[in-house]
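Just one chain follows, in the form predicted on its own, and it is written as structure tokens.
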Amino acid sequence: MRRVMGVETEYGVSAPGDPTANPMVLSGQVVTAYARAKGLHTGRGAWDYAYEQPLRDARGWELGRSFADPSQLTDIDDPTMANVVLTNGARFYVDHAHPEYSGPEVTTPRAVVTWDRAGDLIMQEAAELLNPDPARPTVALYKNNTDGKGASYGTHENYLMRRQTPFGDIVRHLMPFFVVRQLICGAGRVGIGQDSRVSGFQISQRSDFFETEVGLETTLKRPIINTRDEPHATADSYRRLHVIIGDANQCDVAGLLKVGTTSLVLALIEDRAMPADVTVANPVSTLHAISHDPTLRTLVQLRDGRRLTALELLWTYHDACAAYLSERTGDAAGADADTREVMTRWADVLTRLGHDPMSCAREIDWVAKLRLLQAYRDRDSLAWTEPRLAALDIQWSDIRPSKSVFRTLRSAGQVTELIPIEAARAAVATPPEDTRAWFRGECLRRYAANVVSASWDSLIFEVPGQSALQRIPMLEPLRGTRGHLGPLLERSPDVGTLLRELLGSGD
């Protein structure tokens, strides 16, 4: 299960009572308010764009800038947009018209959930800073993926893979998994279609917004498999799989399974251990059909003529992972605690989804949401066209604890909580210790006045008495850990000492 990975989330933003408010301005206010409260720098120079390559395609070419949609040019510094690196190693900035929290690099599914939960707390504090009077809020934030009116915004995952793995193998074996994965990590949504014009409830917030199978885009013609080849690491060794087909999860178990099962399937692909071809005949339309059917009866047409339910196809992937682990470790659940947890919870959830989907309401977002909405429908004889249901859907994801339907359920003990709130709070300011995120975060904490800019794979320092800036590359994600550089930072009272020792040691 050990793999460098992370999650980034764009949060929905609005100004209650002011539908004409500019979301980009609101997003900038969110980031700036939090950064100022923490004494962090925003704006120009906060992020280093020097080595970003958003138009490089994993299929072997680079898209010309003149052919790219402006939304794809994420390597352009916009000094009008708030952009800050946090002491927990994360990036907090305005992405298009949304405040985005890009979590730090971690190595386990539990860590992904922990630092993702920290992002929710950061957004909550930012909203509180902007809303001194809760009765008259100026900004509201939502952990969701659509406004229900045709707009969608992303929750993206990132996984480092071996560069030598053929990209064609990734597409072939990951496509079916992504088509059916929504059963365990969909966030649920009122409305069918991008603009919710058809009444009903569906499993995933994002599925209706995907229109192609493979492509470089992320905000238009969204592909199931994204081809951006921007590793933020040593390019000869690593490929960063940028996954854009996922929902913003609030249930800990769903978040754990989303990244944990994907990491396991990637291991199968890297080691050429997928036992059978399960290519889906029509991935995009099948993705939509599965999402539109909470009864889980929709059949998936495979290219070889077989027809399986999405649940049966997920079992195929689970069993392939179990066989892979059994062959390599002697145990079908794996030899380490993280893998065992993912495999055990994966089998448990699939089994209960098969017997009674509502039995997974403590673990799976879409099931928890559907159970609540159905209770309202049964009590008041409501059709899915009832506006109150759509309003509840939005309120479910409200970041404000006093408004959030989901937070109310979690506080009442109706949701399985894997990450104690104390751990999430600690992760707000503290980076993970086993990746380069530790060095990035600690440098921001200890030497913030000397950090000119930062990125995933470098830090740029201004050293007193030196005219030239100093760039420290961090291309190896598993270096720069507390174990690696902790003693060095402890004996470095200032940035000059740090760089002399760092450059002198060759670390």
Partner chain sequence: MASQEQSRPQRREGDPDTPAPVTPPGAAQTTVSDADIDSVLDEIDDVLEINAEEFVRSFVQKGGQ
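Remember, predicted model here, so these are calculated numbers, not experimental data. Residue numbers count along the first chain shown, from 1.
There is another form of this protein, the form predicted together with its partner chain, and it is not shown here; the text below is about that form.
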So, a 4.5 angstroms cut-off on heavy atom distances: do all three of His156, Asp319 and Ile394 pass it with respect to its partner chain in the predicted bound form? yes
Under a 4.5 Å heavy atom criterion, is Thr286 part of the interface with its partner chain in the predicted bound form? yes
Would Pro23 sit within 4.5 Å of its partner chain in the predicted bound form, counting heavy atoms only? yes
Although its partner chain is absent from this view, report whether Tyr324 comes within 4.5 Å of it in the predicted bound form, heavy atoms only. no
Answer with yes or no whether Ser492 is in contact with its partner chain in the predicted bound form, where contact means some heavy atom within 4.5 Å. no
Give me the residue from Ser404, Gln182, Thr114, Thr435 that has a heavy atom within 4.5 Å of its partner chain in the predicted bound form. Ser404
Single option in Arg136, Lys149, Arg303, Lys221 placed near its partner chain in the predicted bound form, where near means a heavy atom within 4.5 Å: Lys149
Answer range among 262-270, 394-402, 160-168, 424-432 for contact with its partner chain, defined in the predicted bound form as heavy atoms within 4.5 Å: 394-402
Could you pull out the residues of 349-368 that have any heavy atom within 4.5 Å of its partner chain in the predicted bound form? Thr351, Arg352, Gly354, His355, Ser359, Ala361, Arg362, Glu363
